[in-house]
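Quick setup: one chain, the form predicted alone, written in structure tokens, and binding and motion questions come after.
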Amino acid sequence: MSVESVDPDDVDAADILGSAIERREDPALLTGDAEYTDDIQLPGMTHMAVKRSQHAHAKIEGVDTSAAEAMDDVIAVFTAEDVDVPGNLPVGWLLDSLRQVDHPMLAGERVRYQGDATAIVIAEERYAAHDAVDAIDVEYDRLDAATSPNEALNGAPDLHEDAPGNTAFEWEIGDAERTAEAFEEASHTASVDLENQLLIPNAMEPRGAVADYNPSTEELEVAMTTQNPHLHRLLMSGVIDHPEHKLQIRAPDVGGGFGSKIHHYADEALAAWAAKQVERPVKWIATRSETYLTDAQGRGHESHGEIAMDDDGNIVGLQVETEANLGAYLSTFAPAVPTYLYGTLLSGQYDIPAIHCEVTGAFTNVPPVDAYRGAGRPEASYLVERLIHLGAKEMEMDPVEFRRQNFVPDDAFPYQTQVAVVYDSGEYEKTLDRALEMVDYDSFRERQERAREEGKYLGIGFSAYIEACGLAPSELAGQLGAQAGLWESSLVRFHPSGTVTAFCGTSGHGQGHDTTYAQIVANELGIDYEDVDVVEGDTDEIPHGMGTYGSRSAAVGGSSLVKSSQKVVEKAKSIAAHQLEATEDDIEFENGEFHISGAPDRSLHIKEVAQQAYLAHDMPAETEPGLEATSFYDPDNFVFPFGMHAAVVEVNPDTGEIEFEQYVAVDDVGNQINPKIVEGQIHGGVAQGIGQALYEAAEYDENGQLLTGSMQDYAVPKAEHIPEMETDSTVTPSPHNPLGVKGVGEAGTIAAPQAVVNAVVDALEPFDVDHIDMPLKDEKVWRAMRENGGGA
């Protein structure tokens, strides 16, 4: 069922949109021609290393840098006392109850997580800088630490004076009174207490920056691993007090992000600030150990959820209480993740008449917690689908039929949920039916029963997920607390020879934008795909932009390119009409040709028009030369991809080992620009979701020391751990953008965890095991069976 890729030369220009053409960015990535941040070498370049706290919580009694300053090749050593700029990292999403706290680039009085920065060294060589960091002596007065939100909210020492009780915010959504009434009147209820564990991002390329300052012009250029260059320029300009228009942020090739390169960290700002201090280029590249200590982590929820049903198995209410781990400081978009990106998705694919959710954000002694692939939506989908599984069990109904009975019906769209959002379009039974067909569900239950008689424990788990992508419109985002617009900009420029450069404010880092954006523009302009070049990720090249995250690029950035392309066609049409001596109403545009209605032999290709636009010898009155257009596209609403994933597993009763028998994914991401790239995104997302379900967790001891600080301890799944995936799709276009797309980058990550956990719990039904927290390691599964009389 794998999608076969095709050579773009074998695809007609009219069919380029929707074709599974090969990714044009791959040859450079595979042959080593790509330029990553660490590949950048500048004349006179210096290197920065960061002194980090070994304690999770401590007062700083003193910092002695004398030994480091005396070492060979050391150019400068800086501590918090040397910082002469605001140096406080801002938060980009506000809530009414949010308690904002200082987040300094360098800690001067107190460290609040293992890895907090206390000093930096600038040296001639990278290893000299790290050796000098080791020579810095910091005297600490250690304090008690708390790494879980429940622990932090219940008696742990305060991390910040401005946040008593470590409470960052208290937030709610839904109707509390109506939901309470629904539960009082319900015939049946089911509940679960679960943890959605902290995860550490593992992009192939660690974070890094190369900053180069020209004191003569005051121009500061920063090449860095970023998912959103313009946002980083805005935030960094304030942190280091440098004029925004004299600060260039450029993203070279970026080796993955998964959300971890959205946020504004201290390290990149320190490199930029230090370049101004030493007036030489400064490079900082995180070691893998530093990324484990300092990259913003994801998830970190501790939740209690309940679901209520009537006698007929109809869901009548759902209520949730969540304590969310925010880490030591507020990261860039941290307040939005466990609130508006979480609580608004708690209706899932279901028609639930009453929902209420309360979230308490907690400061803890772990790194700042922020968006990680999915960001709030995996947490919501996991909780809802675990409750659906338990609700079906309570009703003694098949989990498939329980879902089907409670789905939002096809004719209910646009569907207003009880948690604020309006779903755009959906046909949920189609993805369910296709998944059932792929796993041969009709025969599975019989096979499961026979296997149990033989001492084998098979289980099947379903995940009817939904997500929200392309957060919009900006006015709504602002009302919810966003401190930035969430539109996207683009510029489409014809060159006189007829080739095109398309600029977009998104910033790809592995998604395949060069390919898909070229498909979009070629389709709109009716020109060859190879004639379109795509530029992203440079604040000096792009008018403006909001970056790539939240599966927004195709829905928002791609739609912006459509708008710009259509403006180009409109101007070209005017020029063509003038040169063909016809009115614009008489001109038709098809496959790149302008021709007079009824006279197809009287035509001009858009490339010929482009040449005429730059010659400007014979233009319509009051028409400017040139052929290009800019758009700022602000969508009317989110888009809502959905799908059904199913996992079939066998659990070894003697060891707790889980073995996949089958994994199927049926996704509906709206229209597909490139099905091969869609398939790749699904595969990658599912692998990440299975990693959370079975292997990954950031674990800390009672002092806040990270116990999983390397890949030896933090189990990123390898190829051998990921099952063969069978994928298929349905198509329900979104009515909210001109492409009809919905977003796919996070779908697999959102869907997979609950499919796996539901499958394992289904396999363990004879042992009356209702729930096991992720990751489902063998020993944990074995103990769950043993506690209920099973296992060897």
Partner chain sequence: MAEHDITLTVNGTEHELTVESRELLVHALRDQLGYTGLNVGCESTMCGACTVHLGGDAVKSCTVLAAQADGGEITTVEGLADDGEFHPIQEGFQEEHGLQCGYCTPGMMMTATQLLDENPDPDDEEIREALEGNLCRCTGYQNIVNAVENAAEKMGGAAAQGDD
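Positions refer to the first chain, counted from 1. Note that the structure is predicted; figures quoted are calculated from it, not measured.
If you look for the form predicted together with its partner chain, you will not find it shown, but the lines that follow are about it.
Contact residue in the model of the complex, chosen from Gly459, Gly92, Pro206, Gly259 - any heavy atom within 4.5 Å of its partner chain = Of the listed residues, the single hit is Pro206.
Name the single residue among Glu765, Asp38, Asp728, Asp64 that comes within 4.5 Å of its partner chain in the model of the complex, judging by heavy atoms.
-> Contact with its partner chain in the model of the complex is made by Asp38 alone.
Glu170 near its partner chain in the model of the complex, any heavy atom under 4.5 Å?
-> Output for Glu170 is no: heavy atoms all beyond 4.5 Å of its partner chain.
Is there a heavy atom of Thr287 no more than 4.5 Å from a heavy atom of its partner chain in the model of the complex?
-> Within the cut-off, so yes.
Looking in the model of the complex, any heavy atom of His242 within 4.5 Å of its partner chain?
-> The answer is no: His242 has no heavy atom within 4.5 Å of its partner chain.
Would you check, heavy atoms only and a 4.5 Å threshold, whether Met438 touches its partner chain in the model of the complex?
-> Heavy-atom contact with its partner chain at 4.5 Å: absent for Met438.
Select, from the options 251 to 259, 401 to 409, 648 to 656, 338 to 346, the stretch whose residues sit within 4.5 angstroms of its partner chain in the model of the complex by heavy atom distance.
-> Flagged stretch: 251 to 259.
Scan 646 to 680 and note down the residues that get a heavy atom within 4.5 Å of its partner chain in the model of the complex; none is a fine answer too.
-> Going through 646 to 680 in order - heavy atoms within 4.5 Å of its partner chain in the model of the complex - the hits are Lys676, Ile677, Glu679, Gly680.
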